[in-house]
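Single chain ahead, by itself, as structure tokens, in the form predicted alone.
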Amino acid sequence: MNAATLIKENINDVKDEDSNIYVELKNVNKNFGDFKASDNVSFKVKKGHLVGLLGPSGSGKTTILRILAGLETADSGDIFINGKRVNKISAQKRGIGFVFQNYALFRYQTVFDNVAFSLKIEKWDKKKIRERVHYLLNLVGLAGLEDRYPNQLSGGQRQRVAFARALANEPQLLLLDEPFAAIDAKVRQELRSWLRELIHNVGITSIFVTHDQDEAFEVADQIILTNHGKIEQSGSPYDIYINPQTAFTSKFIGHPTLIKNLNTLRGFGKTPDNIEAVVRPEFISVARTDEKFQYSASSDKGVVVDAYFRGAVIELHVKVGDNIFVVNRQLAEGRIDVGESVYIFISRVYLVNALKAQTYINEALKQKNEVYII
């Protein structure tokens, strides 16, 4: 294969990739007075994907959503939807469905009339309205509830009505602002799986805002992590979780513990004093001192200072030197009580400086011949 053919194939690959992009923000900035809500924000979303905008309060995720919807105007930068620049196109003409966290249903209208509202505004034929509403209510699992009012529905049912209404006029992009925030935990868990299945069945490109990591990782195809108006990292849930690229990502994602001095722990050699280390509970194994433990020679001894029953696991807080590590122990592994001495083995940590993060593996895992100590 010659160079010209390679170049041509690479160009075609780029074209194919670009043709699959449905939403794109380029260098978007937005200020509210002295507060910079969006700081040179750029990202792409593939057609049909369900994307989670994840970040702490005030990180700029809702501003991004509102700029996409046309409810806020960017100070600079460009917004593209399906290849079309929409900066100066009104919210009503962008072909977007929007779901709010507080449902925003009309209290004195039936379920049918709430879902049909935008179709009546657009003067759809009555027969087509009826067919569309019945299709949508069946789609969201509310068939037979057409004549009920919002106060006769549960929180989960009201949110399903809101989804149906947002999909009524066949939008090509669905935006959801904390869609499950007003729903109790058990129903919220059920709706996560339902939402993912619904979006993939309909095939509509969707972006949702959340501060709930579990929600983002369970539902999203892609996660865009925001912090202080900037995009910290974007990628699949797996990549965001396993391969944090920035200091913020490594400290925000999961349930991390900041290690004060990595040099005092076994298996990590000598690291610079100005480098911080972050470790998550799933990277730590724990055992009583009288148990068989494969990595005893590379483990640190500590004392359990707190223990919490979490249902499937026992969460232990283990003090090792100046550090207190959060460790999860499976119920089947046996109970460990406060005050007991234990061994902990840390398989990996994230080393972080002011901006970047990198994975650092325990030296014991790099050796070919492990020593099994009983």
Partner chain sequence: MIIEENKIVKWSLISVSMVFLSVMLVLPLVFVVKTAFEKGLPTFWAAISDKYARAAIWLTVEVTVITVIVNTFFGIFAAWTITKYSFRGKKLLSALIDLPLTISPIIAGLIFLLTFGRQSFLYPILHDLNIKIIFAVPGIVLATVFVTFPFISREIIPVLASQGKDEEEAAALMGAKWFRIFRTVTFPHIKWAFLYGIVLCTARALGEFGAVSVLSGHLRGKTNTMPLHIELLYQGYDFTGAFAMSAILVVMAIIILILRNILEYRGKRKLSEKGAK
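Residue numbers count along the first chain shown, from 1. Note that the rigid core is defined as the largest set of C-alphas that superpose within 1.5 Å between two forms. Keep in mind the model is a prediction, meaning the values are calculated, not measured.
Here the subject shifts to the form predicted in complex with the partner chain, a form of this protein not shown in this document.
If you check the partner chain in the model of the complex, you find no heavy atom from any of Leu173, Arg188 and Phe217 within 4.5 Å. The single contact residue among Ala143, Ala297, Leu71, Val202, judged by any heavy atom lying within 4.5 Å of the partner chain in the model of the complex, is Leu71. Contact annotation: of the candidates Lys292, Lys84, Arg107, Lys126, the single residue with a non-hydrogen atom within 4.5 angstroms of the partner chain in the model of the complex is Arg107. Of the candidate stretches 76-84, 208-216, 117-125, 180-188, only 117-125 has residues whose heavy atoms lie within 4.5 Å of the partner chain in the model of the complex. Interface membership of Asn102, defined by any non-hydrogen atom within 4.5 Å of the partner chain in the model of the complex, is confirmed. Residue contact check for Val303: none of its heavy atoms lie within 4.5 Å of the partner chain in the model of the complex.
Contact check for Arg158: a non-hydrogen atom falls within 4.5 Å of the partner chain in the model of the complex. Contact between Arg66 and the partner chain in the model of the complex is found at the 4.5 Å heavy atom cutoff. Taking the partner chain as positioned in the model of the complex, none of the residues of 333-360 brings a heavy atom within 4.5 Å of it.
After superposition on the rigid core, the Cα of Ser154 moves by 2 Å or more between the shown form and the other one. With the core held fixed, Lys120 shows a CA shift of 2 Å or greater between the shown form and the other one.
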